[in-house]
Every structure is written in structure tokens, then in C-alpha cells.
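Next up: a single chain in C-alpha cells, the form predicted on its own.
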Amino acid sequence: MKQSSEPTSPSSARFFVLDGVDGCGKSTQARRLVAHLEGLGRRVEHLREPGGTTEGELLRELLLDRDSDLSPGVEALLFCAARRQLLEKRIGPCLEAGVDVVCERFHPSTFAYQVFAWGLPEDELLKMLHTWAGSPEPHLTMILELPVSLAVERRGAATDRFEDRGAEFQERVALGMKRYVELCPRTTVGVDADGDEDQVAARVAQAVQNVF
């Protein structure tokens, strides 16, 4: 984590999420956003989800392991547990210390995968996430919107049990992401991810500037 000479005050620290289908460019744009914020003299922590804590990384291995045989309900519970740990151990303390947070994936992924792709009840899943992993809440969640065909091309060969599920599964995930934007318009926006890295980074930076 890069330290700046002008520390961000706790009250002005911001929590940003980048989400979207596999291959939409989350990791690349998260790195670009971190660099952009640091260029503004802000302190920033870059996290991924699930993960970011010892326990979260262990759960990540289990969730992504091709040999894991987990039901949709078990997946949802494990994602929520990993997220709660990340919020308590990393994100909350960062914000309290005046450090911005940029996180890859958050509630939209769990909603899209478990509700739209697997068919769990929408209301129950959202209630669980907001009750058990709802604080601190992101100041802005950006869904990188990219046609699944392009995302698959960018991503390349599948590397885990979620990517193994194919393009049809990812199409349902994309619909779930759009539904999440509809349900949470106050803190969630769609960002066009079709374009080169610089073009998309400029769109992300503009969305972030609107928060400041």
C-alpha cells in the first residue's frame, strides 16, 4: 500500500467495488483505479473477493477448486462468510484509518451467480448479504458491462470451476449484474467496458469523480 504525504481523513475515505462477468477487465481496471487515486494523493488498499484475509483465501481455494462439489446454497454462505471476514478485518479498519479501498467483486457477483445463474430466491439472498455482510457499504459499485462473447475472448481458457460453466452460464450472470444495478441504483452504476484499457479507465475515473 502506497503512503502519501497528505493522509486521507477517515471521514473522506471511500470504498469502491469493480464487478462484472469473468473476463470483463476487473483486475486491470482495479489496478488502474488504484494508480489514479494514488495520483490524487490518496492512500489506497487493493483487495479481491473472496480473499484478502487468511480465512478468505482458504475459502477462495475451496470455492474455485474444480474438485469441490458445493451446492448453490453452500456457495452463497461461503461467499458471505468470506466477505464478512474481509469487511471486519480489512475494509472497515482501512476506512477508519483514512485509506480508500478498491475491491474486485462484491455483492453483485454473489447475487448474479447464486440468484440468476443458480436460481436461489432473490429476496432471501439479498437479505443475507445485507444482514451479515452489509457494513461498511461500498460508496460506489461499478459493473463493467461487456458482451459475454468478448469477455470470454479476453479471458482465454477457463481456470476454475466457475469459468468451466461456459458462456450460457455467464450470460445468466450478466443478466444478474444488470438486475443488481436496477435494485441498487443509489450506489451501483454500469460502466461500458467495451474499448481499450485507457478508454475504460477514463470511464471508471469519471464515475469515481462523481462520488467525490
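Numbering starts at 1 and runs along the sequence shown. It should be emphasised that the depicted structure is a prediction, and the values quoted were computed from it without experimental measurement.
Separately, the form predicted together with a small molecule exists; it is not shown, and the next lines address it.
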query: In the predicted complex, the residue from 64, 175, 183, 158 that sits within 4.5 Å of the small molecule by heavy atoms; finding: 64
query: In the predicted complex, the one of 42, 46, 60, 36 near the small molecule [non-hydrogen atom within 4.5 angstroms]; finding: 60
query: Interface membership of residue 105, the small molecule in the predicted complex, 4.5 Å heavy atom rule; finding: yes
query: 4.5 Å heavy atom contact, residue 141 and the small molecule in the predicted complex; finding: no
query: Residue 52: touches the small molecule in the predicted complex, heavy atom cutoff 4.5 angstroms; finding: no
query: Contact test in the predicted complex: residue 163 vs the small molecule, heavy atoms, 4.5 Å; finding: yes
